[in-house]
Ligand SMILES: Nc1ncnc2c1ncn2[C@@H]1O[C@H](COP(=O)(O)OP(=O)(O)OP(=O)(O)O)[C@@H](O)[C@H]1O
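Here you get one chain, nothing else, as structure tokens; it is the form predicted on its own.
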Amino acid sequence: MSGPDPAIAAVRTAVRDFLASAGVVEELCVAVSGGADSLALTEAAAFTGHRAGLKVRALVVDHGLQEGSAETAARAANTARDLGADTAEVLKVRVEGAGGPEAAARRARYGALRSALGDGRGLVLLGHTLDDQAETVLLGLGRGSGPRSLAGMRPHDPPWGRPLLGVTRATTRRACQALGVDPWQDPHNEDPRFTRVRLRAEVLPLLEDVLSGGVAASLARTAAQLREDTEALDTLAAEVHLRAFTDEGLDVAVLATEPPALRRRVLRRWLLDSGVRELTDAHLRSVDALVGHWRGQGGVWLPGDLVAARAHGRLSLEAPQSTT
């Protein structure tokens, strides 16, 4: 008796290997859009999860941004049940807020998925593929976002799990074909107004042609390598942060002996932990100059109406005093 189709087997193997490395999982959910990636993932999660004694919940987010979105969401939920999910539920959200429709939809989607999961050791599996990882790396490169962005998406970032970062989009499509399901084609994935769509349709095919193929896989490998480097540096930075932290602020003498790349990681953690949001590289380098290029300069204004300043061998963060 022959085994499963090679594409189905590849997706199942990716999910099995991911779950084996994820530790204890009390609840297994799959975010389902109705597209090929999420449907192939749902079948593999049900196949693998059931053998591990786990029930699988399919979570379908209805953003309400397109005509007929409720019917599309209901169809995705029904297909997920047909593919082996024990339950499937539709989560309706409102997309609003700053950052454009793409960013607002992402916030709403992740918020709904997190709320549906609740507390405990649950995981929400997301259908991001190797191609999505390559696009993420290119976006970060084009925006000059630094190694943390170029490191791409993490396979395991609780409560999120991305088992398919080593599986191509073409494989998930072949898996759906072998499963006899007809995936939904999101019109937004063909809309050139979105930067990621143009990367997918224009930039990556051109790079594949110019560099004779293998670009997406190479970008994904680069992300994995940078992620390992970033995690190692973050571990070292945590140790420096522990030595530098005091009730009065960060000890400049401790920071000054560290390389700038490590020092800025300490400062990034300190500023984020202190409530600074929308922190840019320019902000971070200005605060770092209070350590590495100290000439008695004044404080650095930061988002949230906060000021980082150096005094008495300490870096401190405080709200500016009113002059009225």
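Residue numbers here begin at 1 and follow the sequence given. The model shown is predicted, which means the values in this text are computed figures rather than measured ones.
Only in words, not in the display: the form predicted together with this ligand, which the text now covers.
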Spell out, yes or no, whether the shortest heavy atom distance between residue 264 and this ligand in the predicted bound form is within 4.5 Å.
-> no
Flag residue 33 as yes or no: does it have a non-hydrogen atom within 4.5 angstroms of any non-hydrogen atom of this ligand in the predicted bound form?
-> yes
Can any non-hydrogen atom of residue 60 be found within 4.5 angstroms of this ligand in the predicted bound form?
-> yes
Should residue 106 be classed as touching this ligand in the predicted bound form when contacts are defined as heavy atoms within 4.5 Å?
-> yes
Tell me which of 293-301, 52-60, 253-261, 269-277 has residues with heavy atoms within 4.5 angstroms of this ligand in the predicted bound form?
-> 52-60
Flag this candidate site as yes only if 12, 18 and 46 all have a heavy atom within 4.5 Å of this ligand in the predicted bound form; otherwise mark no.
-> no
Identify, from the list 167, 85, 175, 125, the residue with a heavy atom within 4.5 Å of this ligand in the predicted bound form.
-> 125
